[in-house]
Each structure stands twice: as C-alpha cells, then as structure tokens.
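First, one chain by itself in structure tokens, the form predicted on its own.
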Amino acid sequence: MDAKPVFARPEDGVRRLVVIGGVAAGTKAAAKAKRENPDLEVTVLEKGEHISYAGCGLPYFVGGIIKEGKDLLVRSPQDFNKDYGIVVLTHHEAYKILTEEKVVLARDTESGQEKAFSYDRLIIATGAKPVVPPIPGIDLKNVFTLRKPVDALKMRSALEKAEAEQRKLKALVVGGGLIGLEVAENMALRGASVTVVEMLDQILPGFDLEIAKIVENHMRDKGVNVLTDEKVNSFEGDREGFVIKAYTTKRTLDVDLVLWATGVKPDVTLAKEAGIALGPTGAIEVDENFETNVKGIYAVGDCAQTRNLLTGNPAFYPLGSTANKMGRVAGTRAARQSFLGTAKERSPLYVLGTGVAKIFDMAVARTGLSEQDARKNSFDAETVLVPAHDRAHYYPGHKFIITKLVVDKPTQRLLGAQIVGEGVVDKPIDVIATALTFGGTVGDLAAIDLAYAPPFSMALSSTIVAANVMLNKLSGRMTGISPVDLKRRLDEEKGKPGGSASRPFMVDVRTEAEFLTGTVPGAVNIPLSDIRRLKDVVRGAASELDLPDEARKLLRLPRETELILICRIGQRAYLAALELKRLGFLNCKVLDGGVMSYSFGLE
C-alpha cells in the first residue's frame, strides 16, 4: 500500500482531530470539539452506513412502535458537515493507528481505497460488539444480534413476513438482560410466540433476585415463556439455511427467529494493536479526561473503561447516556492545547450504572450497587423492600411501585436502589441516583424536600417512605426478613422433622378475606385486630376462649420463638410486631414488602 496522509501535520498547536467511530460518543465528541475550537479540522471515520443513530430505540423499531427507520437517525453525515463543518466518512474502516507518526490508516470498504489521516488529537469511539460464542448453527439465517439499524430492519422484516402469511412466528431470545427483554416484549406485542432463555438462575443480571422475579412473573403473565438456569448449546437449520431448532441443556425448541443478546464486550482490537493500555474490564483504560496512556489519544463510549462511583473500582457500563457524557468531556479536552474553562466540572468517569427499562406494563430501574454487589465489596449492607403508590392513592391512575434500598449500616450511606412496578419509576430512581452522587445518607433521603401534588406523588413520596422504613430498621425499631431469605429458609426446612426448632412461626395479619386470596406457604391467619386483643387476655381483661384457635396457639408459644409477620405491604405486620414485642416476644420479624413483594408463589 502506498497510502499518504491526506493532510500534512502542523508542527505545533491543535489543528486536526480524527474521531474513529461515529455513533453516540464519537459524534458527541466531534461536535463538542468543533464548538470549543471552530478552527479545528475534524474528521469522523465510521465503518458502517449510518452515524449518530439511536441504538437504544432499536427494540421499539422491531416492534413497530417506531414506525420509520429514519426516525432513529439523529443526524446524517451531510447534517454534520452543514451544521458543524465536520467531515464524516462512512464506510471507512480504520485498521491501524501509527502513534509515533500520528496517523490513522483506513480503508474505504466500498471502493477498497486505502487512505491515511494525520491527527494532532485522536478520539477512539469504536464501541462494543456482541458476545457471540462459536456454537454450531450460530451463523444460520434469522439468527441475529442487535447493535445496528440493519439488524433491527431484518428482524422486523421477519415479523412482518410472518404476519403477512398469517402465522405465529416462534421467536427465541437468548439472554435475559434489558435489551433481550425489551425485544421480547416488542416481538410478543406483534403477535410472536416468544421464549427467553437465560443461563443464570434469574433474568436481569445486575438486579437482585426478588426484583428480577417480579419482572419474570409479569412476563409470564403476558405470555412470554421464560426459562432460567438453562443454556443454548446449538442451532439447526433447514435446507435453505434458516434456523428451525434450538437445543438447550434441557430441551429442544422450534424456532423461526433468534436474537442472541447475551451481552457485549468492548471493541478494542485497534487500540490494543497500537499499544494503548486496557484495564481489567477489557476496555480501554482512561483518566478523568478520558485520555489514554498515549498522550493525545482519548477513548470514549462503550470501548472505554469507567469507574464505579461507590467503590472506585474499574467498571464497564455500556450505556448511551454515559457515552454521550464521556464524548462531551473528551471533545472539550482534545480541542485545545490547554483547557482554560473556569466552571468546576465533575468527570463522568465515575458512574453508578443507572438504568431503566419498560417491560410490558411494568418498568424496572436501578442505580448504584445491588445487595449482592454491596456484599461482594465488603459493605455491611442493610436492605428494605417497600411497596407504595407512585401518586396519591385517591388520584385516578395511581399505581404501586416497589422500592428496594441498599444502605451501608455503619455510615448509613446510600449504596443503591432498585424500583419495579406499573407506576412511575424513573423519577424516584433519578432522585436516589442524585443522592448517591453527592454521598447522601438514608437520613438525607428521608428529609429531602420533594415536589408534591396528588397527580405527581404522595404527600410522602415512595422514596421517602422507603427511607423511613430503612431508618426504622437501622434504629432497631423493626427487624425484617427479605423474600429471598424467607424462601431460602422455607426450602431448607422442607424434609426436616415436623418439630424442627428452627422453623419460624409465620403469621399473616391481614383479614380472613385477604388471607384467602393467597399467602406465603405455611403461614397461619391471625388478623391484626385479634393480635391487639392478646394483651387484654394477658392482663385478664378478656377470656382466652374469646380468641380464635390460631391466636390461642400463638399466645402459648415460648417467647423466644421466631415470629415472621406478613401483610400486604408490610405496614400492618410492623404494627403487629410492635404489639407482640409488648407481650414479650423477643424475635419478631416483618416480611419486607409483604405478599406484594413475595414473588415465589403464594398458596
């Protein structure tokens, strides 16, 4: 190859910026750099057909909610040239970075022409690529990943073809993460028969089990077949090369279309070959300005490593929101020899992994550390699980949401939150993310001054209610047991002799009518009103014969017996625990979130 630089590189100053990759982070960096330094010559090299497209909108294009593919294209190369004076070259694949010469070698994939681009600053925004194992049949027709508009277009075409032929398309989604579930929802809404296979024991990796289980149950209610703790080993095709069967560790599935959505990994081949350092996550290691170990070369977006704000540990969060913030900072820093800004800026290198998704009629969101992550990082974590309305209960359209808070016991510092339900979850998760960012405690969260009006919130918002429940726990006024821990206890007790001393005595304190709608297996019904009558019996003001059989049985139990109190959301169970403590019961626990949050099956 006899490639020569398109431009001669000046000896000093910042004159030329080359950006490799033209989606979220790359185009944001290019545009910001040009605004910072209008004299800068900016060239964006993108190996694909499109730039600046809304990748997070692809599931909704598959489902037809977004009607036109052009609606996903935020800007065209012509727009960038017209609005910013930026040269955008699509179908140009960068294949080598010559760091000493400050040159990027690229190939025009349409013409085959080899080109070289000199730079003073370079921003790498090569993104991430799907994790696709080399299993038999993975290359069959109608086996897709979903990273580009063309992938979504092909999937949508397959759905439309089935609709035209008036047959129910059999779709398989491999991977139970957010993207996989969003696509599963959208295909089901188009009439497809959808199965989700997840190799872990729960969908939504990164969420805690009780939250993930609520979403899983909802998906099943909507007709999606969810299979966990199961792995896809291979595919089989027909004579024309189209996928027709999937073989898992437990069964054979008939399929017409497969989405492989088991996650992504950073695309760092170009950077690694240029001697640019990678971090322990496998992504490019960067400093707070997103500069790599090679001076003048920056990395942003899904190819770059971030750090968790709470632990300080290296992290990989492939999120569009984070990518845009990274691009803005790198573009600013790369545009000049020195940055002379006076405003105090906080680097978006430190992130919380905040995310939200819509799954049929539910929404699920998270920020910060999950309970399992907090414990892995040696935090002494306390949790609560609190159902509450998203707005005033008397205002039309109110819905329940369930908030899980994770707090560090010794410092009472907030560590994370997860929220799920049919109501509004994005506002409360953003409130908690803000509190986390500024190092807030659960006391800060309980005292925060939030906007209130019946159409928007309860007088005490769901966030503040959850914080108050946590304060009750931390102060010792309440002891809770999570649905996961209770389910584990019940499973362990199966098969033990009937008189096992470790078996808890579970009391559902709701009314008999509520109890008959379903309760935790093994619980007995003693309404709160009867529990309140116990003190009259103990004081001699009422006869024991006036009590129901189960209440008399409770009264005769040793006072050290472990009692687990259950109600709909936890409030009445808490009141029952207070009453029983006054009667001398020393080990009263409230089921966190009540039966609303117990997603492991009621009887």
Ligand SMILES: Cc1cc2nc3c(=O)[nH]c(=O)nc-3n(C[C@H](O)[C@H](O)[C@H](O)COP(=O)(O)OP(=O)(O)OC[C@H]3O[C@@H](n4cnc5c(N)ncnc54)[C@H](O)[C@@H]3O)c2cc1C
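Computed from a predicted model, the values in this text were never measured in an experiment. For every residue, the number given is its place in the sequence shown, counted from 1.
The discussion below concerns the form predicted in complex with the ligand, not included here.
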Legend entry - Contact residue in the model of the complex, chosen from 74, 471, 448, 128 - any heavy atom within 4.5 Å of the ligand: 128
Inset, instruction - Check each of 483, 318, 387, 175 and return the one that places a heavy atom within 4.5 angstroms of the ligand in the model of the complex. - result: 318
Inset, instruction - Give a yes or no for residue 63: in the model of the complex, does one of its heavy atoms lie within 4.5 Å of a heavy atom belonging to the ligand? - result: no
Inset, instruction - With heavy atoms only and a cut-off of 4.5 Å, decide whether residue 56 touches the ligand in the model of the complex. - result: yes
Legend entry - Contact test in the model of the complex: residue 48 vs the ligand, heavy atoms, 4.5 Å: yes
Inset, instruction - Tell me, yes or no, whether residue 594 is in contact with the ligand in the model of the complex, where a contact means a heavy atom of each within 4.5 Å. - result: no
Inset, instruction - Given that the partner is absent here, state which listed stretch (375-383, 294-302, 206-214, 185-193) has heavy atoms within 4.5 Å of the ligand in the model of the complex. - result: 294-302
Legend entry - in the model of the complex, residues of 157-171 near the ligand [heavy atom within 4.5 Å]: none
